[in-house]
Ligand code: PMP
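Shown below, as structure tokens, is a lone chain in the form predicted alone; questions about how it binds or moves come after it.
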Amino acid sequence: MAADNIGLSRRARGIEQSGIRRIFELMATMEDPINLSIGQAHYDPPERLVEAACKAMRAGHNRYTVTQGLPQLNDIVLDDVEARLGARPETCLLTSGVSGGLMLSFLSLLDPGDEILLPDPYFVMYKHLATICGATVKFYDTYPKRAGERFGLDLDQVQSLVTEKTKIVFVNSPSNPTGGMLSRDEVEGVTRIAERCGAWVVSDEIYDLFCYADEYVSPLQFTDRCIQLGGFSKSYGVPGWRMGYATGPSDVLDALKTLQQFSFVCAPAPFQHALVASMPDIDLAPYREEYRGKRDMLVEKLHPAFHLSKPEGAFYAFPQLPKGRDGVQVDSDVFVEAAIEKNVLIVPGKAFSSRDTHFRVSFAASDEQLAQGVEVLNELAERFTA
């Protein structure tokens, strides 16, 4: 039955199925695929954290917490942000993953007809959450100006997109899907543009642990009009726990909290207690260094036909689709299907972008699987460029 015949809202009809989830569904039909598509760390969570969660559940911490989360965990998050970035946000709200924080932020700030500036490429959720709010999306380009150069932004272009209707200038650094990171000048420039037009900067920082550049920079270091969204899913290897946080000024965080009361209610209670008990004692640096090594191997071994921009953060790479001798780029569906035939899962770049010129590789995999996947991709590069 057609969607309009069963009475679905325009809101629901305006959202397409995630291209990433289609790959997940395909994965269930394959035998031992080489999975370079998945957006989660390949390692198990620290044993100390798992034991703390079990202990919390056995101790009866299975009921609701206050909406904003355990005060102890809020303080731990704010202390950690201040120690890393040298700036302490006014308050913190524990959310149901960064996804929950994104939804609460968009619902709190965007009215129908408002405008939001998003990067292209972008994580698939951003555009559709704006659609739910009835907002208009404008994209600023982050693609390299020349093949193989870094992903970044043009501040003049961002400025040109701003109008009196702009409510959010959105940034995601390190980026999913590109692995690119914004420079200090780029981040500071974006905050100044947002301040001049009275917009908010919403910053998705879920991949802040996985930073391979010289420094990590957040918009909250330059402006109070910033909602910082972070979490524990990627760094601690617990995406299924749905544990995230939002920081920012109390007046806007109070709005997020009110919406959470009538939606997610609170972040999962036993996992909040587990983080309170164990987070300060867990060293995550070895995970970052392990992934730096995977990044370096991918950059060194991947075929030059892919013109890979070296990822500066996260655990993704965004290679170009190869071109044949005639200079015509291979069709993304053809390339992805050829990879699937070789039992390798990747995600076409058009799932994240208005362009169809790249594909996403996740190097959150074992060294063995990553090496096998690179070998297959290199074979395909030879085939399509011959």
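In this text the structure is predicted, and so the values were computed from the model without any measurement. Numbering starts at 1 and runs along the sequence shown.
Not pictured, yet referred to below: the form predicted together with the named molecule.
In short, of 262 to 270, 156 to 164, 80 to 88, 201 to 209 it is 201 to 209 that has heavy atoms within 4.5 Å of the named molecule in the predicted bound form. Mapping the unseen interface onto this chain, Lys127 falls outside it, with no heavy atom inside 4.5 Å of the named molecule in the predicted bound form. Contact annotation: Gly97 falls within 4.5 Å of the named molecule in the predicted bound form, judged by heavy atom distances. The closest heavy atom approach of Ser233 to the named molecule in the predicted bound form falls within 4.5 Å.
Although the partner is absent from this view, Gln228 stays clear of the named molecule in the predicted bound form, with no non-hydrogen atom inside 4.5 angstroms. The putative spot formed by Leu102, Asn172 and Arg242 is fully lined by the named molecule in the predicted bound form; each residue has a non-hydrogen atom within 4.5 angstroms of it. Site annotation in the predicted bound form: the residue of Pro322, Pro33, Gly39, Pro45 reaching within 4.5 Å of the named molecule with a heavy atom is Gly39. Site annotation in the predicted bound form: the residue of Ser309, Ser218, Thr247, Asn176 reaching within 4.5 Å of the named molecule with a heavy atom is Asn176.
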